[in-house]
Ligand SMILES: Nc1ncnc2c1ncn2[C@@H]1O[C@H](COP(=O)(O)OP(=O)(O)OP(=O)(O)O)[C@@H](O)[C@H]1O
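Shown here is one chain on its own, the form predicted alone, set out as structure tokens.
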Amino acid sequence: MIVALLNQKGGVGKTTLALNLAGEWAARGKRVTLIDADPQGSALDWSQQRSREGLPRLFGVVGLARDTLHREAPELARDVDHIVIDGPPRVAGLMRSALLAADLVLIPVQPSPLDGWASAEMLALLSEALIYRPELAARFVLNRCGARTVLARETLADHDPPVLTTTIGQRIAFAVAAQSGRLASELDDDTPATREIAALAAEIEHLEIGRAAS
């Protein structure tokens, strides 16, 4: 399965979700490769920091910030169970390529009506991709949530794609872990952050099983 985390709006937590999702699946014994398709290379920086800290490699991280992604990602997917793509902000060519590569697109948004409205460009690109990939699935995922989560759900309620049930809170554990090339689960495997990521990974796999069955 190729899962791409995409949103043209920056700062919505794509890299954090991509890294922690990849780590969760790796911890479950899955073979995982994360593709850093963001020219900023934040996931690659995380991987290098992890190496400097002398920590074991949990999953591969590959830099592939080019618009041939839709041809190269399926090749990489042959050797693993999951590919996770950390997508770029506001690079239309790269975004289109990531959309054409993916089986499932996750659109992270923060719990604010403004984030919902800012997803309009992303949804336009998604609609374009669906012409060529009608089997492509997509979901919003509410990230960095606090007290306004209900408001965000109401804002996105009329949108297609739907919103995933699992929400990810505004957790300091994600930032603390990332500074040393770690995942939230490596700081403590029983915190709200780790439970939310585990629930997100499980919901995505359940969604994929349902799609495959149909």
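Residue indices: 1-based, along the sequence shown. Since we're looking at a predicted model, the values are computed, not measured.
Below, we turn to the form predicted together with the named molecule, even though it does not appear here.
Between the named molecule and the residues 181, 60, 161, 169, the one pair within 4.5 Å by heavy atoms in the predicted complex involves 169. Residues with any non-hydrogen atom within 4.5 angstroms of the named molecule in the predicted complex fall in just one of 32-40, 182-190, 61-69, 48-56: 32-40. Although the partner is absent from this view, residue 9 contacts the named molecule in the predicted complex, with a non-hydrogen atom inside 4.5 angstroms.
Proximity of residue 97 to the named molecule in the predicted complex falls outside the 4.5 Å heavy atom cutoff. Looking at residue 144, you'd find a heavy atom of it within 4.5 angstroms of the named molecule in the predicted complex. For residue 194, no non-hydrogen atom is located within 4.5 Å of the named molecule in the predicted complex, even though that partner is not displayed. Contact residues in stretch 12-27 (any heavy atom within 4.5 Å of the named molecule, taken in the predicted complex) are 12, 13, 14, 15, 16.
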